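In what follows, one protein chain appears twice in different forms, each by itself as structure tokens: structure 1 and structure 2.
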Structure 1
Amino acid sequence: MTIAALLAGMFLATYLTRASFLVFGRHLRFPPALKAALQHVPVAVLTAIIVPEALAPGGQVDISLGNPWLVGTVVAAVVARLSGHLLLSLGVSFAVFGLMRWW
């Protein structure tokens, strides 16, 4: 198969999947249980992206205070929980991460 055929196939699969919700979206009715479950998808996706890198930067598991990725992630979670401000938690965690990498 050529690269052009692969790209065309990926384009069609992506386009048709997304277009189906635009075309048929008004007629779809999701049950309340599914709506409630879908609210947890963003948190689950972000956790799946962040946790492996925080616990195993570079592919090696490192659960110690010397791991700047882990410490920065924990600091971000604590600051976000206590303050409720996303930007503040990002700034503080980036500062902690940067200081740990610099020293």
Structure 2
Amino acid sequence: MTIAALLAGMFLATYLTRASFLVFGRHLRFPPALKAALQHVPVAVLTAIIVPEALAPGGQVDISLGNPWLVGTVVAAVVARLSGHLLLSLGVSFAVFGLMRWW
């Protein structure tokens, strides 16, 4: 039941945006200010998810070099920023995270 509601709501939230012009076309006009604002959404949303998870994994605040989530995230960011290579960044950060947790 909850899954059905979850999926139905997510479907509507997704499909309405994609169908907006293609299906309901003619009468719509895209506001330029909204267009400019939308460019910032991915960075804003993803950063908003990353920061609390990295600094307080599982809800426990741990801002130290002993926090594998924090160190792993910083490593992922540095490698991705320098190399621009997604898989390399994931591989290196997973390795660092794994070593810190199970060594």
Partner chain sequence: MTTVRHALYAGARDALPLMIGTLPFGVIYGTTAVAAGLSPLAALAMSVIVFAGSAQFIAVSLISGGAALPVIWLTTFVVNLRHALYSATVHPAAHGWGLRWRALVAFWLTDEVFAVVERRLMERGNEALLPYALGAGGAFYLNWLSWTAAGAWLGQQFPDLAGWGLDFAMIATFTAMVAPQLRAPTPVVVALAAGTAAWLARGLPFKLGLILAAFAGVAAGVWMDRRNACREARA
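Computed from a predicted model, the values in this text were never measured in an experiment. Residue positions are counted from 1 along structure 1's sequence. Here the rigid core means the biggest group of C-alpha atoms that line up within 1.5 Å when the two forms are laid on top of each other.
Note that the form predicted in complex with its partner chain is the one shown as structure 2, not structure 1. Fitting the two forms on the rigid core leaves the C-alpha of residue 20 displaced by at least 2 angstroms between structures 1 and 2.
Relative to the superposed core, residue 34 shifts its CA atom by 2 Å or more between structures 1 and 2.
Taking 2 Å as the criterion, residue 94 does not count as shifted between structures 1 and 2: its C-alpha moves by less than this amount when the rigid core is aligned.
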